[in-house]
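We begin with a single chain expressed as structure tokens, specifically the form predicted on its own.
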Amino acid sequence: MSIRPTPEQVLLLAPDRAAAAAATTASDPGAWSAAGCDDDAVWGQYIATSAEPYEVAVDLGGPAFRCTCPSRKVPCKHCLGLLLMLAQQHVAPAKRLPFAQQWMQRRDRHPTARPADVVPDVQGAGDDEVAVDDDAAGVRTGVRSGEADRQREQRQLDRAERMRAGLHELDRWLADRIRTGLAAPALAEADTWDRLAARLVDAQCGGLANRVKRVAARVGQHARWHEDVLEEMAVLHALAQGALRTSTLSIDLADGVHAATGLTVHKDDVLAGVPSTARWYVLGESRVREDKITVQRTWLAAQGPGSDGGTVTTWAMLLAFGAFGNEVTTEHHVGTEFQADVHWYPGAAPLRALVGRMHDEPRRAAAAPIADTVADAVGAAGWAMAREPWLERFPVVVQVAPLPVGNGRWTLADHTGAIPIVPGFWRLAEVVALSGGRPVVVMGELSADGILPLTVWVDGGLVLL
């Protein structure tokens, strides 16, 4: 398992908003030459207006940065742009360029000798140091592989120690909030949450940092927001404790905790696993804005006969990210189907996946998917959330009719039960009109707030929401 930053983590490294905005332009793969990466570093040459391209390298274990541009910001927009390309999986594994190899060898030999290469402990401190290029100082030669392995192991131990410190700090912060009470004025201040999120990013717990930001958005959201925030704080506590004790967990559960905390599996490692080969239907797509990032979820499903004579649905979620106005591209369009190998990210309730080898060309799906009853769909979601209690949403496909329950709220109901539609769903009138009081097939994301409809099939015809 190797650490690959997410776009959110990369943008939080920016010393100011201007650098973060400029990083988007610098993340255009067309502006780079010979970009490559391995488990420890990412490097490339940025083609600028100067006579020679800028030589850029990032040590992922620090992180530490090197760029030959004249900027005095650390990290500069070129380092951030290179990391954004890595996070968006636009950088392929390759052999290190000579300047990157020499720089990394010097860092292996003197890991604490370059203060200008180190990101400040507290994000946004505004240290305006120059990433000095010291190629003239000489190149280390003849590094023994054993020593390189020891240095790599030390960096991994240092990273683990930072994460452990961040997890302990998160748990102390949660305990303090419970002692002072959820009505304390500090809880309504954005800085209270932003400082915690920045500390978790610094500790390389980006998944927890994103969750903290989402919890902060719930404060004051409605009259009973205290219940929602208390529930989310309990999940944060469970994750912090689980991440501190992964050696006592089952392998699948430990992998799920790692993913929720912020450790990611390299794309190549996922594609090296055993795939599930099936005919996959693209049933839904959702996009949400999280801070400065657009997150797109594309839901695939493979359906087949179960042992009890019913239909078993296997779900796969494809994630894509966009930043600062860069639109997320849709690779697999809703309403199509294809035969392909799908590779899973590890976890106790695996949902996230990658599409590997395609066995045929995508074509329009011949029919609507086979729908579950409300009871079966909720049961499947319950089993998944029991395996991973921090799971925030689960895909369902049900045959239901919209049913009003008063106060402007609606549910999707059948003879086995009803699921509330999430508050504020702005296309509710369209769903009601499409149904006309008759059952329709709906695919959506089920969460604690209810179901968010994404796709509707009426008489076999598809309607995107």
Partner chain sequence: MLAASATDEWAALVGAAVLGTDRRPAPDPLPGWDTWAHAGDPAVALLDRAAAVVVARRAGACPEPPPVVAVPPAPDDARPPCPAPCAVRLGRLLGGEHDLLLPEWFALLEVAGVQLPWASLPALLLRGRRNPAFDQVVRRLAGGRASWLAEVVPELGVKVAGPGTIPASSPPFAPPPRPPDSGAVVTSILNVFYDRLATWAAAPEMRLAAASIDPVWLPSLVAELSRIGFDPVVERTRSDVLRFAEFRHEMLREFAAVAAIPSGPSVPSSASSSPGDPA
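Positions refer to the first chain, counted from 1. All values reported here derive from a predicted model rather than from experimental measurement.
Omitted here: the form predicted in complex with its partner chain. The next part is about that form.
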May I ask whether 175, 385 and 410 each come within 4.5 Å of its partner chain in the model of the complex, counting any non-hydrogen atom? yes
At the 4.5 Å heavy atom threshold, is residue 38 in contact with its partner chain in the model of the complex? no
With heavy atoms only and a cut-off of 4.5 Å, decide whether residue 436 touches its partner chain in the model of the complex. yes
When the contact criterion is heavy atoms within 4.5 Å, does residue 311 count as touching its partner chain in the model of the complex? no
Residue 343, heavy atom within 4.5 angstroms of its partner chain in the model of the complex: no
Exactly one listed stretch (298-306, 248-256, 343-351, 227-235) reaches within 4.5 angstroms of its partner chain in the model of the complex by non-hydrogen atoms, and it is 227-235
Pick from 335, 362, 275, 389: which residue has any heavy atom within 4.5 angstroms of its partner chain in the model of the complex? 389
Out of 180, 154, 221, 330, which one falls within 4.5 Å of its partner chain in the model of the complex, going by heavy atoms? 180
Residue by residue through 393-411, tell me which have a non-hydrogen atom within 4.5 angstroms of its partner chain in the model of the complex. 402, 403, 404, 405, 408, 410, 411
